[in-house]
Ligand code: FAD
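Below you'll find only one chain, the form predicted on its own, shown as structure tokens.
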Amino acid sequence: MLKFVHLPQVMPEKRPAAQRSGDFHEIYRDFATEAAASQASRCSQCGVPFCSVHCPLSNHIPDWLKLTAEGRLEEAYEVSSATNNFPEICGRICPQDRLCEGNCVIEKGFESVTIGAVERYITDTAFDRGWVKPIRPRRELEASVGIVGAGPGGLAAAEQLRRKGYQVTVYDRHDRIGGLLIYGIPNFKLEKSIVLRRADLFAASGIEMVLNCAVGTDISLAALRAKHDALLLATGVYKARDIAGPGSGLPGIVPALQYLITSNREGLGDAVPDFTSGLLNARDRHVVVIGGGDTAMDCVRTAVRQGARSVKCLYRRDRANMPGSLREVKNAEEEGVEFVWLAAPEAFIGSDRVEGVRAVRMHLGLPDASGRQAVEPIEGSHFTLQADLVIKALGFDPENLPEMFDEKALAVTRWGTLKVDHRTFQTALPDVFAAGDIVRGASLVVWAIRDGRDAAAQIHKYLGQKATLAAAAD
């Protein structure tokens, strides 16, 4: 270990921009065994591992880095998967530059350990060598748990509860498991085969999946409560934030998630009329994406791969203040995306369809209540960007959750998220729990996994107490 002094940071080989921008395959090649071991050996094994401290899952990162450096990969996989249900997914899509790698204690002149790439390598190797096995509980329990939402939070909870021996059924409105992992995140960041192989593992573990089932429409929450001993709501948030202004209703202005779902479905081989008709296809179009988060980066890079004539990202703050991963910004720039910093849309131009975005230059003012610098328009700085496809990537809010689930007893916060006891994850209905973005608001996949694991632990505690009280009553 401690080889960072003379061994430089090396990422897995990244395919050339001209090559990768023509397809949807992942942009990073796999680490070779020797390269993974040498990069893992750069870890300083510091006394206070800030990489673990700043990981939402508190992964034992120095431990599995040391095991990888020593060639003990099966042990490294066991340690990695002990705290993370989907390390191969987090290794691909987590913003490591803001979390573990961004808090590595190795001085910046030496650069951090490539934690995410090693994490991905460990679990991919485990799958290749057959070390990833279906769950076999030590004993089967009669109690059943229903989970609404087959995204990362719901699936993490399902796995944790199945390990305890509970009978677990997952309900989801889509036709595949994964939620945003399958329909929201493009292939160049996360190949869909990586997600779908988990579906086979869940089936072999005895976790039942009920797909194409919208709770509140196809089946009521009351019916699920009658069927299961406990429920977990983990549906995420999908309601796109909108933008007002003249022309905002013109055809050709679309929400980011609708655009990404269409692209991902087409890539999965589904028949998608909105794609074949060109409505949600960027080919030969001048594309403007509004927003500066990771979803905006997914949109601009998808548009490049679909063959757009030009792709611009319009963001009201500067590079240093954008919420998205700077690594993703760099990748987008390499692929030909133009960033228009410190600019905000004011109106959309066009008659039958959007033809341009009128924007105004902004400057950063004093910090607001959140601590971020406020943005203020610069008078007389208007300009127009040509655009015949505008994608709004402004973030997500929860829908009207009591109405969506057809259950008025569910309480919500002033932000529209489900109100829970944050110690127990229980909603206003004691046998109904909630976790992930539906409680937290739109956040990272790794936080959804953490919330799903914590909620599963509380459900286990609740059902144990329930069984004890029932036994005492008998």
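Note that residue numbering begins at 1 and tracks the sequence as displayed. Quick caveat: nothing in here was measured; it's all calculated off a predicted structure.
Just so it is clear, the following notes concern the form predicted in complex with the ligand, a form of the same protein that is not shown.
**Message:** Within 4.5 Å, heavy atoms only, which of Cys213, Ile135, Ala143, Leu196 is in contact with the ligand in the predicted complex?
**Reply:** Of Cys213, Ile135, Ala143, Leu196, the residue with a heavy atom within 4.5 Å of the ligand in the predicted complex is Cys213.
**Asked** Among Leu73, Val329, Leu180, Val79, which has any heavy atom within 4.5 Å of the ligand in the predicted complex?
**Response** Contact check passes for Leu180.
**Message:** Just to confirm the contact call: exactly one of 344-352, 185-193, 315-323, 360-368 touches the ligand in the predicted complex at a 4.5 Å heavy atom cutoff, so which is it?
**Reply:** Of the options given, it is 185-193.
**Asked** Could you tell me if Phe405 has a non-hydrogen atom within 4.5 Å of the ligand in the predicted complex?
**Response** Result yes; Phe405 sits at the interface with the ligand in the predicted complex.
**Message:** Is Phe202 part of the interface with the ligand in the predicted complex - any heavy atom within 4.5 Å?
**Reply:** Judged by the heavy-atom cut-off of 4.5 Å, Phe202 is well away from the ligand in the predicted complex.
**Asked** Does Lys239 make contact with the ligand in the predicted complex, using a 4.5 Å heavy atom cut-off?
**Response** Outside the cut-off, so no.
**Asked** Would Ala150 sit within 4.5 Å of the ligand in the predicted complex, counting heavy atoms only?
**Response** The answer is yes: Ala150 has a heavy atom within 4.5 Å of the ligand.
**Non-hydrogen atom within 4.5 Å of the ligand in the predicted complex for each of Phe24, Ile253 and Phe275** = Heavy-atom distance to the ligand in the predicted complex: none of the three under 4.5 Å.
**Prompt:** Which residues from 295-327 come close to the ligand in the predicted complex, meaning a heavy atom within 4.5 Å?
**Reply:** Counting only heavy atoms within 4.5 Å of the ligand in the predicted complex, the contacting residues of 295-327 are Thr295, Asp298.
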